[in-house]
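In the block that follows, a single chain appears as structure tokens, in the form predicted on its own.
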């Protein structure tokens, strides 16, 4: 971690505050002046690190996707030899951890992306596609192994799964609920609709 008085630490602090404010107030409701006030610097000083609000927003979104990709890779390494259902459960839990346990970046990305300026969305979409491709590869692998029926429209069900996981940001309170239980519930809902019927 960078020392507190270095430019890198200042940039990190700006991003931390901005991500939280984008969640709380939305893209339009969070201004650079508000972010600067919360960081404890003059608004003009932000431009030393970020040329514009859109640049800062893009950096927050990119960090959120990096967190998700890292979580996915770690879950993949830990669950690659497990049965299909357990592999999906591991990845669902990792995605939820990225949303709730690894800072505000992923949650900011999930909640604020659709209201971001077109310029920002255009920049971030290829990065988002990279994360979605990781899930697509996982589901294809499970389909080829016979764990998921080959006739299943994997793209549709992947989007349904993402919707279920990401929507939890709006209503789930990790201070009152158990994230492991949420991961199991989402996995069961997803998997029981996809698994092959047991042979008679």
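A quick note: this is a predicted structure, and the numbers were derived from the prediction, not measured. Numbering follows the first chain given and starts at 1.
What follows is about the form predicted in complex with the DNA, which we do not show.
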**Item:** in the predicted complex, the residue from 163, 153, 146, 44 that sits within 4.5 Å of the DNA by heavy atoms
**Value:** 44
**Prompt:** So, in the predicted complex, is residue 30 in contact with the DNA at a 4.5 angstroms heavy atom limit?
**Reply:** yes
**Message:** Although the partner isn't part of this model, could you tell me whether residue 140 comes within 4.5 Å of the DNA in the predicted complex, counting any heavy atom of the residue?
**Reply:** no
**Request:** May I ask you to state whether residue 63 is within 4.5 Å of the DNA in the predicted complex, using heavy atom distances?
**Result:** no
**Request:** Determine whether any heavy atom of residue 51 comes within 4.5 Å of a heavy atom of the DNA in the predicted complex, and answer yes or no.
**Result:** yes
**Asked** Can you pick the stretch from 30 to 38, 155 to 163, 170 to 178, 64 to 72 whose heavy atoms fall within 4.5 Å of the DNA in the predicted complex?
**Response** 30 to 38
